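The chain below stands alone and is given in structure tokens; this is the form predicted alone.
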Amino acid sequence: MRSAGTHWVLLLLPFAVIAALWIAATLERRGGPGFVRRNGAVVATYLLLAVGLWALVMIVLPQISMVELSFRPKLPAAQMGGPRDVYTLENYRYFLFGSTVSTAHWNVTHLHAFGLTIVASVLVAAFDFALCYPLAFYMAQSAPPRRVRLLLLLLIAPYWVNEILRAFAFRIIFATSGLLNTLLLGAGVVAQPVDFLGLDVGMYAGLSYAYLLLMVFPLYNAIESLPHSQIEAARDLGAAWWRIHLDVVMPYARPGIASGCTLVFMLTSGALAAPLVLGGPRSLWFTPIVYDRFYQAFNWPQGAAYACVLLLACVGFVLTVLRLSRLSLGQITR
């Protein structure tokens, strides 16, 4: 049975988080005076309380509730809090073995979907970086202001359309009788329509497009602050164009690269609309499985366990990015 200590933790946690934020703000001295001295005691207190309460209500408490729920069995409402309501690992055992009692066989379907989701999300983040880096560099260092405004408008305008509508638009484009197949057949490139949706091409294209702005803007903001004189100095010293990007621009833009890759990975791995709308009959994506645990199997503890597994994968990716880029969390969130 759940102990009363859990309730005390939930009651005291808001005050502990606010106290931790206050202490961190008071001790912060990098780059000038501390947070409190820069903003004043009244403004600093208001900001800490507002941010602390928002983070607690919208992030911390829901996550704690989800983690706590993942260790509980599925019970009727009348038995919750009773003698059978004990903490257990059966939900995580089901994720690994497909059974709450047997460990004889691996849960191949769910494990494969989880692994595919993580690998595909990494590849989508890498593809978006390769696609957005030249555009961000051009906007930040080469394009005149008028053209930058035009490019920003062209980038932002399509996202005024709802994400689900954009996913259905991609489905129309990649369908067997859609625009892409019509062009390929008309040009004589293929003899019969290609099943882009069945091959998951449409899903990966939709995922790559859905979070493109989250890669462009961090890269643009990071590269824009790079003094152009450093690039000119590298050119005067005879550096090749690829060496300039590899040794000058990219090291300077590490916070933007890390921030963009992290955002794209986390949102891609947690995407639901694009896999449901653009996925083929044999598509495997982890978030629809999590959704099914909640709303098809009506097993909320099991769904919470699956969501915690995905959360741990995202946290692991963020820590890996921080380690590879040699950045702190504060540097990529600026």
Partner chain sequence: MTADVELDRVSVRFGGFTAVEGVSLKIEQGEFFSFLGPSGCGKTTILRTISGFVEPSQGAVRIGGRDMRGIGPNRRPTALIFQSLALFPMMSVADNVGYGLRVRGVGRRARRATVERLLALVALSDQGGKRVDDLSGGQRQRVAIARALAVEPQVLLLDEPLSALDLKLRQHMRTELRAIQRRVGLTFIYITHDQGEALTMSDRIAVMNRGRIEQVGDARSIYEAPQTGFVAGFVGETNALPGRVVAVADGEAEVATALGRFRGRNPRRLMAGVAAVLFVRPEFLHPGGGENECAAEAVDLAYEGSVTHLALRAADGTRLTAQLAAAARSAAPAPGARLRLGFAARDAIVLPPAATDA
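None of these values were measured; they are calculated from a predicted model. Positions refer to the first chain, counted from 1.
One more form of this protein exists, namely the form predicted together with its partner chain; it is left out here, but the text below deals with it.
- Scanning L151, A175, V248, L184 against its partner chain in the predicted complex with a 4.5 Å heavy atom cut-off leaves one residue, V248.
- When you look in the predicted complex, the only residue of V216, A234, I223, A113 with a non-hydrogen atom within 4.5 Å of its partner chain is A234.
- Taking the partner from elsewhere, R93 is found to have every heavy atom lying beyond 4.5 Å of its partner chain in the predicted complex.
- For the chain shown alone, Y252 is a contact residue for its partner chain in the predicted complex, at least one non-hydrogen atom being within 4.5 angstroms.
- In the predicted complex, no heavy atom of R147 sits within 4.5 Å of its partner chain.
- In the predicted complex, its partner chain sits within 4.5 Å of a heavy atom belonging to S229.
- Partner proximity in the predicted complex, defined as non-hydrogen atoms within 4.5 angstroms of its partner chain, places exactly one of 117-125, 236-244, 199-207, 70-78 at the interface: 236-244.
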